[in-house]
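What follows is a single chain, given as structure tokens, in the form predicted alone.
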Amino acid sequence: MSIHTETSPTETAPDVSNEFVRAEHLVKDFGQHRAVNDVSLSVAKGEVIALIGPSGAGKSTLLRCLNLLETPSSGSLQIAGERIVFEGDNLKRPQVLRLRRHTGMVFQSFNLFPHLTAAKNVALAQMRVLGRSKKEAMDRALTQLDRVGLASKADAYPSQCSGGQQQRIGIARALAMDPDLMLFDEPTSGLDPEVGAEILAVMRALAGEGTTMIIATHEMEFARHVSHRVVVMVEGAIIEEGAPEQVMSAPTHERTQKFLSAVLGR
């Protein structure tokens, strides 16, 4: 895969009947604060979803619920046929591991181990979670680092890499786990525009390959041109969703109009 590909996933829309993710009535409470409020979302295999909305809208919490880094307070979640209904403290670790096995997540912060090289950062989870041998994990790590354009940085430590390179290492680490679904939580946050463009190029290439992705982002042009569907969250709830051009150019909800007016300056 070249990170410079110009392939647009919107040119070949996925089969929406091929449902891969289904979240139904997800709720996540932190004490008296409801961070995710009755969210239902269906994602087709190969679909790219751009999750947009103001800061504090619940986008990051929703992604963490989809990966079970946060346990939803109620609702249900199904990924690749693995379904969990959240009722009290019924969640068991084997269920978490089975469902999480389908997902890879890239965070705002890079979360790399500073004492490990790029290749070892990518290999570690493979050995611990998937039980791969050191050789198999390292071979896979080198393949994925090359995939994101960082083959030359395999032996470099995070401190020897730029912010954009560290984020690409994080993407390689997630890809090395062979996930069915990639979750991105504001992956360009805190990066300057030129460096952020490196990350967006990698994600554009993944989308062109047909990778199923849900991306929380403030990059409106990326949402418009790379995603198949834009989903707008405000105060923990989905208030609008649809084709990128429809949502971005002719939003119907007043809160969507207000948000886009602020971020697009119109």
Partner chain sequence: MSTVTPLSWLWEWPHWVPTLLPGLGVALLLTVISCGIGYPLGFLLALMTEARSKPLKWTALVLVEVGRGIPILVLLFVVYQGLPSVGILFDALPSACIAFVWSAAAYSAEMIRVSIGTVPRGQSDASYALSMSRFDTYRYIVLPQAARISIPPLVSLTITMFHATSLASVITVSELMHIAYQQGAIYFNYMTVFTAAAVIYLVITVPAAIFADRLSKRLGGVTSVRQTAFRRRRTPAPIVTGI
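Remember, predicted model here, so these are calculated numbers, not experimental data. Positions refer to the first chain, counted from 1.
The discussion below concerns the form predicted together with the partner chain, not included here.
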Q) Even though the partner chain is not shown here, does residue 235 get within 4.5 Å of it in the predicted bound form, heavy atoms only? A) no
Q) How about residue 173: is it within 4.5 Å of the partner chain in the predicted bound form, going by heavy atoms? A) yes
(Q) Residue-level question: is residue 64 within 4.5 Å of the partner chain in the predicted bound form, judged on heavy atoms? (A) yes
Q. Using heavy atoms and a 4.5 Å limit, would one call residue 191 a contact residue for the partner chain in the predicted bound form?
A. yes
Q: Among 84-92, 68-76, 144-152, 131-139, mark the stretch whose residues have heavy atoms within 4.5 Å of the partner chain in the predicted bound form.
A: 68-76
Q) Looking at the partner chain in the predicted bound form, which residues in 158-193 have at least one heavy atom within 4.5 Å of it? A) 159, 160, 161, 162, 163, 166, 173, 174, 177, 190, 191, 192
